[in-house]
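Shown below, as structure tokens, is a lone chain in the form predicted on its own; questions about how it binds or moves come after it.
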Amino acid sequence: MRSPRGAWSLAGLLGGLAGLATSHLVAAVLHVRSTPVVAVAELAVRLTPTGLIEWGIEAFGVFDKVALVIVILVTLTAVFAWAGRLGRRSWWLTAVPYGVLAGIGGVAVLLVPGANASVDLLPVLTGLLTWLVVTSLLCVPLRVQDERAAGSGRAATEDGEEEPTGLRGDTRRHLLVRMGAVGAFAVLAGLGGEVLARRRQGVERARQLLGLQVTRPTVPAAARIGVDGVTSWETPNPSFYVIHTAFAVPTIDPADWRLRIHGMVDREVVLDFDDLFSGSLTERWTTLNCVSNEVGGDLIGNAWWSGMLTADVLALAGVQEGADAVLQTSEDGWTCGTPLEALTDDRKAMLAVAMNGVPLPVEHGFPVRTLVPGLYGYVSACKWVVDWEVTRFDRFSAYWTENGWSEQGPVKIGSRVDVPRSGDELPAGDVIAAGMAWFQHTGIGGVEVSLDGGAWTAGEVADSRRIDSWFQWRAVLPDVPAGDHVLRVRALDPDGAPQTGVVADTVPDGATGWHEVDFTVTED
């Protein structure tokens, strides 16, 4: 009786999972941020066409990275099972798919910015060795049974059909013992990796104990328009949108953080976390919005930020004539090119250390991130920032510009209807509309609404003095008759120029168009 194919597949699968677990454990012991799975996922993103990335974001939303990791793990599961079945023919055939997987993982790890081959390849090599050894051990009882069947001379029945397959009693016992041991080993290794990878917890504790001397935000009364259902002027940290390319969020202890400033400067400067507090911190309300925010979207938020002015930081190094950009690099290797002028003019760009009166959340760049009013985040908002190279735009390309986005990303004027919402049913009579409008570092001159394609009617804007923050607005639509209606909104800049109604996609430099909602007014 020959051993069944399913047993060989299970042997390969368990061997593969054990290899992933030991790889994770070694990466945690060595404090390697990008485990092989994470490195492969990040490499896949870098090699994926922009259009497919945009489709993934649209299809899966904030779960796009989770979906990619699941696809990778499912693929690995299939390959592991296949490798086990190859072992039925020859042990060396089993090594081929494992070797290919290790090669892909090794290349991905080495392509991570700042990779150290002597350290970062160790998890890959450990995982490969585990795959080979464990799968071989699991396959021994199966191979012994097949050798016995071949030696008995009864490879086929008298009528020529293949001999039935199954596990003999002794083979089953040996296999179950080994599989149980391997399963326990994989679980323990995986848990050990998780325990050791809890560096984030230590960083969170350090974050909580910082005790930064920053002020708590107080929302100006004049900033509220007084309409129920309109977006809060201050966006709480847990509700603030999160966009980044990291599969494993960098965890940096403030004591270990450094920012190197070099390139076209009079002297290279390296700052530590304490250096940011050598003078007074700047604190102000600033709205951030992502270039991927669609018309009427929610990838935008307003917070009270605290930090050191980037102009003061660059002054320490002495910027040389001819420089027009700063290439910023994150701890995870992400880069963006920021106009030098935006970092040194009166917009008060900063190296932020606090958000809404508390240290930055880890997802938002703790311990330090860059904040530049009036620019989309893909050219300015470098989280976990660790390197600034003062340079020129014609000397580099950054992460998103390499993927088809424009080199410089000034924020476009925008507006949104929050009240009423699409699909609402309202009673006949006056309808109150309200929402948000923004044009960071330029300001809003007004807001207008149009009902059913009719004339534009001016609305009221709350506290339009803070040009780097968004504004709440409201408008009263008198005596709206029963029936279905469409409401549009557009913002005006300080000179009275209206927001364009031309519809444009987010690529390459931000979406345009008027946001609209449909609602129904019912009879009394």
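Residue positions are given as counts along the sequence shown, with the first one as 1. From a predicted model like this one, the values you see are computed outputs, not experimental measurements.
Beyond the structure shown, there is the form predicted together with a small molecule, which is absent from this document and is the topic of what follows.
Engineer: To test your reading of this chain, name the stretch in 178 to 186, 405 to 413, 235 to 243, 338 to 346 whose heavy atoms come within 4.5 Å of the small molecule in the predicted bound form.
Structural biologist: Of the stretches listed, the one contacting the partner is 235 to 243.
Engineer: May I ask you to choose, among Arg207, His441, Arg369, Arg88, the residue with a heavy atom within 4.5 Å of the small molecule in the predicted bound form?
Structural biologist: Here the answer is residue option Arg369.
Engineer: Just one of Gly377, Gly435, Gly84, Pro123 has a heavy atom within 4.5 angstroms of the small molecule in the predicted bound form, so which one?
Structural biologist: So the residue touching the small molecule in the predicted bound form, by this definition, is Gly377.
Engineer: Tell me, yes or no, whether Tyr98 is in contact with the small molecule in the predicted bound form, where a contact means a heavy atom of each within 4.5 Å.
Structural biologist: No, Tyr98 stays farther than 4.5 Å from the small molecule in the predicted bound form.
Engineer: Can you work out whether Glu448 and the small molecule are in contact in the predicted bound form, taking contact to mean some heavy atom pair no more than 4.5 Å apart?
Structural biologist: Glu448 lies outside the contact set for the small molecule.
Engineer: Does any heavy atom of Asp332 come within 4.5 Å of a heavy atom of the small molecule in the predicted bound form?
Structural biologist: Contact with the small molecule, yes.
Engineer: Hey, in the predicted bound form, is Ala381 touching the small molecule, heavy atoms inside 4.5 Å?
Structural biologist: Residue-level check for Ala381: yes, a contact with the small molecule.
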